[in-house]
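What follows are structure tokens for two forms of the same protein chain, given separately as structure 1 and structure 2.
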Structure 1
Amino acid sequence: MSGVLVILEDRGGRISRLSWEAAAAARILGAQRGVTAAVVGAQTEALAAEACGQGFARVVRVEHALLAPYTADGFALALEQLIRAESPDYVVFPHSYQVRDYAPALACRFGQVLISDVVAIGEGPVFTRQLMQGRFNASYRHTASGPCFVSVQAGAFRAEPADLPAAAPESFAPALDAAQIRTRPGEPFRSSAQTVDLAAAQRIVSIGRGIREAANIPLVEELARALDAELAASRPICDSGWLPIERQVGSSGHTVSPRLYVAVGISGAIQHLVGMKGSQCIVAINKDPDAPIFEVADYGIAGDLFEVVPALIAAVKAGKA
């Protein structure tokens, strides 16, 4: 085909939002030749219908009974066959947990490397991805022949709803054998009971590793109380067991959009940002003026939280008195 193939992902029966962002990135790469979209699963009719009319040159249903539930073996085998049949120049994925589970192995079968978690695509094409947890950007080029595999980071490309005449979906039936699928996945489950509803909170004060130890948490708790806010945290705080996982904000925790989000001692790694950048007003307190969290903050204080937080508590209390 020599064009661009984008793999759209199923999220509870619908195409995931991140897939539309991947499609937008694919359009940058395939401006001239058009983009082919693939949906993968045991029953892809509804997904294909959703993809049709979204401006793709073609929509391909990669369907086989062994493609549900998701397994890395099944997806890698099926897409390997599709890519060999289509010979695209680029294969674009959303950088989801599912994709990071199988796409590196898939690329490897072609002697290629997935350019993962891309945040921008420039002339060349030059792909930008983050290094050192968002502190730097690095530009990458694909220097080999053969398909170039790219996954895109959440929130980096703007999904544009297209309203174009629908192409009828095509079918691709991969040859799969049950013996080739070596892993046995179980049903998804949620572990902890939910006692706080962070998603509904109007104000959130969130703490990160800058707090240093569990014994310091009450300080920030006091600020949360003074602001009438819920307490939340970055992942390492919950990993350490200092706060329950139900208070974790980010890609593997909750997505929140309060009116006020105060990030205290949080660096601003992308997995945290995706969970809170929809907040109306973001305040960051961090001793490192170059911390990536300032990139999304409306107001910032570059300082030691152990000095700034007590001052804030005092100021809030004084304001109330």
Structure 2
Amino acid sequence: MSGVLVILEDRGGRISRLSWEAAAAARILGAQRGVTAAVVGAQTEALAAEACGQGFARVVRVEHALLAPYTADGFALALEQLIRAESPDYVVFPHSYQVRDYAPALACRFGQVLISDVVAIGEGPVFTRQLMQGRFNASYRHTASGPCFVSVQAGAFRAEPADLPAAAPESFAPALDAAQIRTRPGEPFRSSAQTVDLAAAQRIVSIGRGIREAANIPLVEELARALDAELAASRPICDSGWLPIERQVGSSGHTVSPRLYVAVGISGAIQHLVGMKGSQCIVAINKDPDAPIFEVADYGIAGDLFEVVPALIAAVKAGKA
């Protein structure tokens, strides 16, 4: 194989949203080479069936009883064997906590480094990473002779189905021994039932300091309800305790890529833009016509949010009637 291998991650029995974003990045690299997808675990039939409908050139089931539950040792060993058998030019991962656990060690087995948290891929290819909370961009090229290992930042690439024929799954059985698995995983982390999953939201209404005080938040909440959207915020709102930290978008919060992102009273500091600029459609409402948020917005409304938001709510409700 001379092409691109993308590793798809299991989340609750389904392929994760981050994995589909990684697949979108892999297709940029594999436009002329073709993309092979791999699913890893003890039982991968359902995951492979889900992947086969997404237009990959090939889908490989990396399956072994010792790959469940997840361990960094098991995944690194199994994927090392797959990569040596396939010899891809590029190996692409979603930049998840699990990948951060095992992928650097996997890359080291090939004498390579992991180019992590990539936000863009240019000609060459050139991989772009952000430094200092998004204040700077750094460009990287792979010049070594072995495979190039890349993980992609959540929200940086749009997860869209590919209009290509389905592939039949293939099987790959790595040679693993229980003595090679040195770690013993504990119980999986379970977040609070009240925690919102902003990364999976298709519509988000986010508020910034333009809201002035916590007592005005219900106005924007009403807009979010009208749009069937999740409510989010910039860091100052969460730092003030007006909304819980789980609703923060930005470099120190969530990175999101919804179909619709409505920024209400958000000026557009770089720390916030890092977390939402991958949104498909950005609508900005700010009374300052020179606010940086308008530089990334698809639609901008320069006006007082306390006049604009009620008008939007009325328009949305009228459209639903």
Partner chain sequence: MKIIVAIKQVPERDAPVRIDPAGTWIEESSLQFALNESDAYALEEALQLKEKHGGEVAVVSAGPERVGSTIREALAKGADRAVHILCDDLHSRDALGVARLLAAAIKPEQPDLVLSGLQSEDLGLGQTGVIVAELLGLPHATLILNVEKTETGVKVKRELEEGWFQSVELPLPAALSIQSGGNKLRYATLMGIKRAKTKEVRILTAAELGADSAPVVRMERIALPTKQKSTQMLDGSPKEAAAALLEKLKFEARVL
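Counting starts at 1 with the first residue of structure 1 and goes up one by one along its sequence. If you superpose the two forms and keep the largest set of C-alpha atoms that fall within 1.5 Å, you have the rigid core. It should be emphasised that the depicted structure is a prediction, and the values quoted were computed from it without experimental measurement.
Each of the two structures shows the same chain on its own, and it is structure 2 that derives from the form predicted alone.
Relative to the superposed core, residue 267 shifts its CA atom by 2 Å or more between structures 1 and 2. In this overlay on the rigid core, residue 292 has a C-alpha that sits 2 Å or more away from its partner position between structures 1 and 2. Core-superposed comparison between structures 1 and 2: CA of residue 150 displaced by less than 2 Å. Lined up on the core, residue 243 has its CA atom moved by 11.1 Å between structures 1 and 2.
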